[in-house]
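One chain is shown next in structure tokens, namely the form predicted on its own.
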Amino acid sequence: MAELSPFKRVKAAAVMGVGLGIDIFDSQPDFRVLIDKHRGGFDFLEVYSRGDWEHTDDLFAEIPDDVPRTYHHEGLDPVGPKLCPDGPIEGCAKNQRLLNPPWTVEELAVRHIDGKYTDFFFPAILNKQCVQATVANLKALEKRIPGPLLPENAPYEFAVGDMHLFDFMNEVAHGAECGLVLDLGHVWSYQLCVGKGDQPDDRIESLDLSRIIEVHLAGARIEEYEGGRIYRDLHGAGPIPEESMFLLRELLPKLPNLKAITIEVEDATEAAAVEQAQQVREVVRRLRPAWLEGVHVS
């Protein structure tokens, strides 16, 4: 019997529900306080470790086994022209084994140049050559790490290439036989780049929504400059933009394989993090209540 594709593996996973994306190294919010004092405010944690695999063992061990988790890696640079070095791959595999998540999120971006970390996402170049390189990298990574990868659309401050972002994502998902994470703020960041900032859902019908396994939301700010606007992620340090909430309301009934909604809350207080989760949960209760009933049911 042939091994299941990455997409079929995540499609068969349990519904995770509404969760909080935390940085394991942050003191605010402190994941321990969230678990001890606010456990009823979230269904799971998405654990981000800044691509670090050398200092995670003791911290990961502090997450109780009964707290469901997904993992957000960084450093595999899947849209680069060639496969990343062995270190990030081995580190991702190690952290996956420690956390045992149903999948791992990785941005469709490059974060390292000649092995040096850059404090900026270089998002995918939107052309066929980048599609081919990304598919090849994802297929190679699939053979090296234990759990399936979910590529996520990265934030854009400028878009380069002759393809639309949604066409690029479709070709990557089908070429690599994988699911996708759709970051709604990052969708809006791209729309701002291509002059559709007032239409966050422009061409959304062209995206293969059956491939969306997880949705991300986060606080953000918009910076005005001569000739346009730029989206800046703030995560927990700001409110979720209405444009992102609009996209959530528009898409929620149309995602047949949705397993998780993650609010990225780095830099929020614990109370503010839970408040944002409640804001999102109320939208889900109103538009798709049956989905919440399936949380953690295989």
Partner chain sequence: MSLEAQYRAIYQLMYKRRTRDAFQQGKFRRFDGLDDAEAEQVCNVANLRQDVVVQLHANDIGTNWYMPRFPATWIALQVALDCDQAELTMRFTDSAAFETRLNDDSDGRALAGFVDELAARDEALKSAGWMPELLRYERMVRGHWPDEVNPRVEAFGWDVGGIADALLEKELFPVDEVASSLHLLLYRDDAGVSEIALSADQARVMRKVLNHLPVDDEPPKIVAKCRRVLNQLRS
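These numbers were taken from a predicted model, which means no experiment stands behind them. Residue numbers count along the first chain shown, from 1.
From this point on, the text means the form predicted in complex with its partner chain, which you will not see here.
This chain is drawn without its partner chain; in the predicted bound form, the residue among Glu205, Asp162, Asp86, Asp198 with a heavy atom within 4.5 Å of it is Asp162. None of Gly80, Gly75, Gly91, Gly147 but one reaches within 4.5 angstroms of its partner chain in the predicted bound form through a heavy atom, and that residue is Gly80. Heavy atoms within 4.5 Å of its partner chain in the predicted bound form map, among the stretches 139 to 147, 169 to 177, 113 to 121, 96 to 104, onto 113 to 121 alone. Here the marked residues Ile125, Ala133 and Arg232 all reach its partner chain in the predicted bound form, each with a heavy atom within 4.5 angstroms.
Put simply, Ala220 is far from its partner chain in the predicted bound form: not one heavy atom of it is within 4.5 Å. Using a 4.5 angstroms threshold between heavy atoms, Ile212 stays clear of its partner chain in the predicted bound form. Shown alone here, Cys193 lies within 4.5 Å of its partner chain in the predicted bound form, counting heavy atoms only.
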